Ligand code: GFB
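In structure tokens, one chain follows: the form predicted on its own.
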Amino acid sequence: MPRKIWVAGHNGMVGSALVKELELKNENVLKVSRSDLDLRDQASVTGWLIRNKPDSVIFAAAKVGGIHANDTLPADFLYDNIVLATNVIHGAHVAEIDRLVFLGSSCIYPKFAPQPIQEDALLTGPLEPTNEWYAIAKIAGIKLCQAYRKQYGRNYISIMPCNLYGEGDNFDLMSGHVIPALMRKFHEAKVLDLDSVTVWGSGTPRREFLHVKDLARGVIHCMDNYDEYDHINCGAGSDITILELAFLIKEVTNFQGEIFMDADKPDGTPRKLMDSSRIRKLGWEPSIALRDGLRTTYDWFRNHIVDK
């Protein structure tokens, strides 16, 4: 019999990927639009959960963005993400829903955490200042899940993805993450026949990128096979420099000009590679290579954003 699973944030990049994977498994996926349910309204969220009573909740709702957005909108990122997490997690408890999966972010870890980053690095050092607001909200979500597990015995778990990309991403130049923002920048440079593209930072920071379809499979795998107090990492297992990423995107978009780095712009954390050995021991592995994933993402961008 199919399970009733509510994907909170089903219209986002992660949420829509989760919906597709769950529907492929013939699960009964509950979806509710923002116009019908404001996740920032505790009473409305709790009431909706009591009325619909899903078997499980997957929390994929978030206010997200790149370095610029996080650095210039700290109150929005901290407040919105704390309120979203609080309302959904507490509402699930009040509605007597015993299974919830909370999705966090690798930015929860200290800026200079030992690499690759293990789960126990949490709260062992200062955060990266440019996205600490989002990170603190996600840490609060992890601790909420642990608190309801400790006090009430709820089977609430937390999964920490690395940097994500894929179909449905935010391709805005100012608020998007590094892959979609660079993809749009290279595409527009190609269309305008520009001689060069300038990329923020020195190009030396290393980042780990996971396609959102691989994450969706990992989340569902953990929902079915993981039930522990501690959060669990879900990453690709390898990283590249931002400059290497820029050359990959240049190749995928077929941009013919040069790449220049603007070293006056912030780099963020020097390296962020997670240790995902625990989730691999559960039987999950990523399946989409970065170059292949970038190609399908660029195809989606051209078909759904450029030609829309």
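Numbers for residues come from their place in the sequence shown, where the first is 1. Not measured: the values here are computed from a predicted model.
The following text describes the form predicted in complex with the ligand, which does not appear among the structures shown.
Handout entry: 4.5 Å heavy atom contact, residue 266 to the ligand in the predicted bound form
Key = It does: once the ligand is placed as it appears in the predicted bound form, residue 266 has a heavy atom within 4.5 Å of it.
Exercise for the section: Would you check, heavy atoms only and a 4.5 Å threshold, whether residue 159 touches the ligand in the predicted bound form? Expected result: Taking the distances in the predicted bound form, the answer for residue 159 is no, it never comes within 4.5 Å of the ligand.
Handout entry: the ligand contact at residue 116 in the predicted bound form, heavy atom, 4.5 Å
Key = No, residue 116 sits far enough from the ligand in the predicted bound form that none of its heavy atoms falls within 4.5 Å.
Handout entry: Residue contact check: residue 105 to the ligand in the predicted bound form, 4.5 Å heavy atom
Key = Although the ligand is absent here, residue 105 would touch it in the predicted bound form, with heavy atoms inside 4.5 Å.
Problem - Candidate stretches 86-94, 151-159, 105-113, 219-227 - the one whose heavy atoms come within 4.5 Å of the ligand in the predicted bound form - result: Result for this chain: 105-113.
Handout entry: Heavy atom within 4.5 Å of the ligand in the predicted bound form - residue from 248, 240, 259, 67
Key = Partner contact (heavy atom, 4.5 Å) among the options: 67.
Exercise for the section: Could you tell me which one of 207, 231, 211, 187 places a heavy atom within 4.5 Å of the ligand in the predicted bound form? Expected result: Of the candidates 207, 231, 211, 187, 207 is the one lying within 4.5 Å of the ligand in the predicted bound form.
Problem - Partner contacts for 110-136, taking the ligand in the predicted bound form and a 4.5 Å heavy atom cut-off - result: In sequence order, 131, 134 come within 4.5 Å of the partner.
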